[in-house]
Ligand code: DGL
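Below you will find one chain, with nothing else, as structure tokens; this is the form predicted alone, and questions on how it binds or moves follow later.
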């Protein structure tokens, strides 16, 4: 797979599926001239209940694909992949890697009731990363760790605001509010697209925190981007790839991105590159 954007700065972003588009949008808002290659591993989503070995293998394969395509920096826009695989990725690769972690530290600083809820996948909830964050920043605070099976699938299907989605979310979110949580952490990039529904269920007095803005700032620091941008130099482009069905992905990508986009099959591109290389 050759670099589709030669001679310009290219950032590779990947997630287990479409959730990482929330991170990509945050980075794009900070810099309109960077080029992005986004890979959704939707053919293997969700990662939340997968084995560590499987997640590490997928993360390694996708990171290699991004580097082959010319990515100068990789953003792991997936809390589960970060928790399970990022250490091995950093040991293996030479490009900078920006990763996610649930925003437990700022949530602890924000809470007034001393109770926060963390919504995440089962793998993230059980990870050493979350255990460390709770240990380092959770003194004197009640941190309610809530796995959310099914949330990723709702986003992958584009079911963001249906009656079914609202009821499904309510069963998970309402008990946290009943226990006094005044701050919720969205510990999965998919959940950002469910934030309006979660906020409606939690009520206006509950603050919701997620990590996409922090990841965008860290990405820009790695790239050394200046605050003053010459928009005439290059109009940033996005290449969207999936390991699932491009036809199915087309609709949900366009819905979440906010405008029509083209989605291509990662495996077809890799096969074409190998055949012509």
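Everything numeric here is computed off the predicted structure, so don't read it as measured data. Residue numbers count along the first chain shown, from 1.
Although not depicted, the form predicted together with this ligand is the subject of the following passage.
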Worksheet, complete the sentence: None of 152, 194, 184, 74 but one has a heavy atom within 4.5 Å of this ligand in the predicted complex; the exception is 152
Worksheet item: Of these, 41 to 49, 212 to 220, 57 to 65, 235 to 243, which stretch puts a heavy atom within 4.5 angstroms of this ligand in the predicted complex?
Response: 41 to 49
Discussion item. Taking this ligand as it sits in the predicted complex, is residue 116 in contact with it (heavy atom to heavy atom, 4.5 Å or less)?
Written reply: no
Practice prompt. Answer yes if any heavy atom of residue 104 is within 4.5 Å of a heavy atom of this ligand in the predicted complex; otherwise answer no.
Written response: no
Discussion item. In the predicted complex, is there a heavy atom of this ligand that lies within 4.5 Å of any heavy atom of residue 84, even though the partner is absent here?
Written reply: no
Fill in: Within 4.5 Å of this ligand in the predicted complex: residues from 190 to 209 (heavy atom criterion)
190
